[in-house]
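Coming up, as structure tokens: structure 1 and structure 2, two forms of one and the same protein chain.
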Structure 1
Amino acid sequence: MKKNNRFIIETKSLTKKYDGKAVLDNLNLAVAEGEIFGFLGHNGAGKTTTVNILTTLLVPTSGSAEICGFDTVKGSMEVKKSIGYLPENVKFYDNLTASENLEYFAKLSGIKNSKEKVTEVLEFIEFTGIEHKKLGEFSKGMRQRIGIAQAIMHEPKVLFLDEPTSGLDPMGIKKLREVILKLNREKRMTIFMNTHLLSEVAKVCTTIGVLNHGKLVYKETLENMLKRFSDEESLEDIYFTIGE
């Protein structure tokens, strides 16, 4: 059952343990609708575990998480309708074209007018003219953009991105950044982005949260963070200061 909630993403005492060890430790997090939220942390901090719970791929050991007012366990089907998800390494069929891949996933998801929808999302990510090339010919950056196209075909309210710029060249990062900002600006989509790159967060995010060994140690708007740490020599110094 949907609850009235002013936050589009909210966790309460969210905990995940493996063999008695907490990978995620009493996470209390709230993300408002329309934010581009950057979720920062070192490798192993618990970022991916958090996203896996929020996207219904994992069940928490204790605590709760809600997306659009729906519990990720009890209302998992409604949550799935409300979200899109781009994993770090998106999987496609390399022998099929961009259009064929998207049409396949659209039909698999039960999306009506799949051909029209595929054309629409390809235009949105500026893939017109190369949509008939096979995925095996594309760079990782281009594949990531196709991954976003797949994730937004059902017009979700929230888009989760797991290390979206990992392994991309500068042009790939720039193009992906433009798509993220366009989704937020034109589609009013809330973006939740896992990353360990504060420099990238500074270019797209409105709010950041820092996770350290499964605990949320900092959450603030980017503007206020930069004011607070104005004496730091670089964005990386800010990150290490917060994480201490």
Structure 2
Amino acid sequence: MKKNNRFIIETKSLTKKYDGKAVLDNLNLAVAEGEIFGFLGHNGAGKTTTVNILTTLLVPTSGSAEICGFDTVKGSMEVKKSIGYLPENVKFYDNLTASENLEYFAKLSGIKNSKEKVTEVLEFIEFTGIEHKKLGEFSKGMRQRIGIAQAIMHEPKVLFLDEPTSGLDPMGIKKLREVILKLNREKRMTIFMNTHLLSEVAKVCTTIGVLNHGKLVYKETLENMLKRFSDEESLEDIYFTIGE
């Protein structure tokens, strides 16, 4: 972990209980600016709950979380201004065209020249010529790219992606990966990515964290991790070793 960076995402003893059952249990997590953080864990480990708290959608039972130094509960409005979010399975409004969908969210994000911005962002993610098509005609992969466009239009400091590759074909996954790397490189965006796919993590992430039953069991840069587990055969084995 680079020492000179301040933490842009930080949680302190973050706990979320549903009906008395802890889904997140004293989670302490810190992500530095400029990182691509891969948040790993099996289904039901609490990844989406974490992202929901970090994006202000849920209020923690105890503990706290900060984005860019703002508390996600007390400073939720400031947090919202600093983040972009792509939830899993977002479909948008089928009856509106791609640009109508994007313009709406651009306005809600406080962007003034929404039309120009939409054109600009679609060019950035290299997805043009579809502006006037209705979303109803789009494939899952195409919707996902509109989702990315929506999430980065207002140039947030942190981008949250919840299982971004789920349901995409290999070509779609490749394109998404390119966009993520480009955003990190060119816009210095910090990216927080939920996933259970190790292959993805290895290709894009700079740091990984592993969540197991609501607890962070491991956090390390990819580089160090590969050093430590050099004798292991694959990332998958590493994951299982940590997960146990």
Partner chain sequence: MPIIFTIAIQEVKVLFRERVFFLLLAIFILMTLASSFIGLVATTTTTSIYNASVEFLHQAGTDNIPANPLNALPALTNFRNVIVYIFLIGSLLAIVVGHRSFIRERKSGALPLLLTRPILAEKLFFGKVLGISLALFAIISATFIVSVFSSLLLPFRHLVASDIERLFLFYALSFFYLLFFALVGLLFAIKTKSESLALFVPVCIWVGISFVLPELVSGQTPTALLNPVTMDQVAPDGTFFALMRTYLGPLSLGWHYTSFSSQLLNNSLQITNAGIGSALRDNSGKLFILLIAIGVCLSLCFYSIRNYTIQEENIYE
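The shown structure was predicted, so the numbers you read here are calculated from the model rather than taken from an experiment. Sequence positions of structure 1, starting at 1, serve as the residue numbers. Think of the rigid core as the biggest set of C-alphas that the two forms share within 1.5 Å after superposition.
Q: Given these two structures of one chain, say which is the form predicted together with the partner chain.
A: That would be structure 2, which is the form predicted together with the partner chain.
Q: Using the rigid core as the reference frame, would you say Ser109 shifts its C-alpha by 2 Å or more between structures 1 and 2?
A: Comparing forms between structures 1 and 2, the Ser109 CA shifts at least 2 Å.
Q: Take the rigid core as the frame of reference and indicate whether the C-alpha of Glu123 shifts by 2 Å or more between structures 1 and 2.
A: Glu123: C-alpha displaced by less than 2 Å between structures 1 and 2.
Q: Is Asn89 one of the residues whose Cα moves 2 Å or more between structures 1 and 2, with the core superposed?
A: Shift of 2 Å or more: no.
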